[in-house]
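Presented below, as structure tokens, is a lone chain in the form predicted alone.
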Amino acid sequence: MREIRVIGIGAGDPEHLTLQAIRAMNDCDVFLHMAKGTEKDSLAALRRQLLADHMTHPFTWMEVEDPSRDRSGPAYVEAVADWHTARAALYDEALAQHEGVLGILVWGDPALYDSTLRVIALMSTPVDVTVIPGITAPQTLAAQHAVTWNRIAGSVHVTTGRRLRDEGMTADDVIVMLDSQNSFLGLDPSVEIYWGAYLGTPSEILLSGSIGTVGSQIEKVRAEARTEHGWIMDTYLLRRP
């Protein structure tokens, strides 16, 4: 049975890489990277730099173009399912083309808003999967703002911008990821927001305050950063007073 290592590499800071991740990387012979266009070349570059810094033996870097996803229609779940199926076929091809252990370096942690494990489950090739956890964007966000996710005896809800727009705040403390529409702008202006983009990288941006005070500033800064870099990854914590 073929082996795959799914390795969380953290939110962007090279020092987020754990000793366990480094050991797992050195178990691998081939690393598969799904290229997402020239605007995200910096994400591939970080992965390659981590390998250059920590690998102790020769390896193969295999880069393939990520299948396109239909973003035009309302059938979001169906479109993502088709995208995952297409990705699984590429994973199968990678194993067929190269011998040895396949490594996949995952931004953040493989368990939080990442589809690598779901894609592997769709593969036709029988595989033995080992998962290495990584530091997530919400962890880094809280550290950079020096706050906790939850308050004493409280809970925290992790969700997406899409669900925040549909459901509103379903807890007093909410972490939001994957929000391209600034969904927080529709909330009570007194809600506190701790926002961060490009967390752990030299381009990191941090803003905090009530939505009424900093909401429009976040919207402006986010748009400018997206234009400058060609992409943006941001997350934020919402907190009712």
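Each residue number is its position in the shown sequence, starting from 1. Please read all numbers here as calculations on a predicted model, not as lab measurements.
The form predicted in complex with another copy of the chain exists for this protein as well; it is not shown, and the discussion that follows is about that form.
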So, in the predicted bound form, is His84 in contact with another copy of the chain at a 4.5 angstroms heavy atom limit?
yes
Glu15: heavy atom within 4.5 Å of another copy of the chain in the predicted bound form?
yes
Considering non-hydrogen atoms and a 4.5 Å limit, does another copy of the chain approach His98 in the predicted bound form?
no
Given that another copy of the chain is not shown alongside this chain, does His229 nevertheless sit within 4.5 Å of it in the predicted bound form, heavy atom to heavy atom?
no
In terms of non-hydrogen atoms within 4.5 angstroms, which of the given stretches 59 to 67, 188 to 196, 22 to 30, 210 to 218 touches another copy of the chain in the predicted bound form?
22 to 30
With another copy of the chain taken in the predicted bound form, which residues across 79 to 110 come within 4.5 angstroms through any non-hydrogen atom?
Val80, His84, Asp109, Pro110
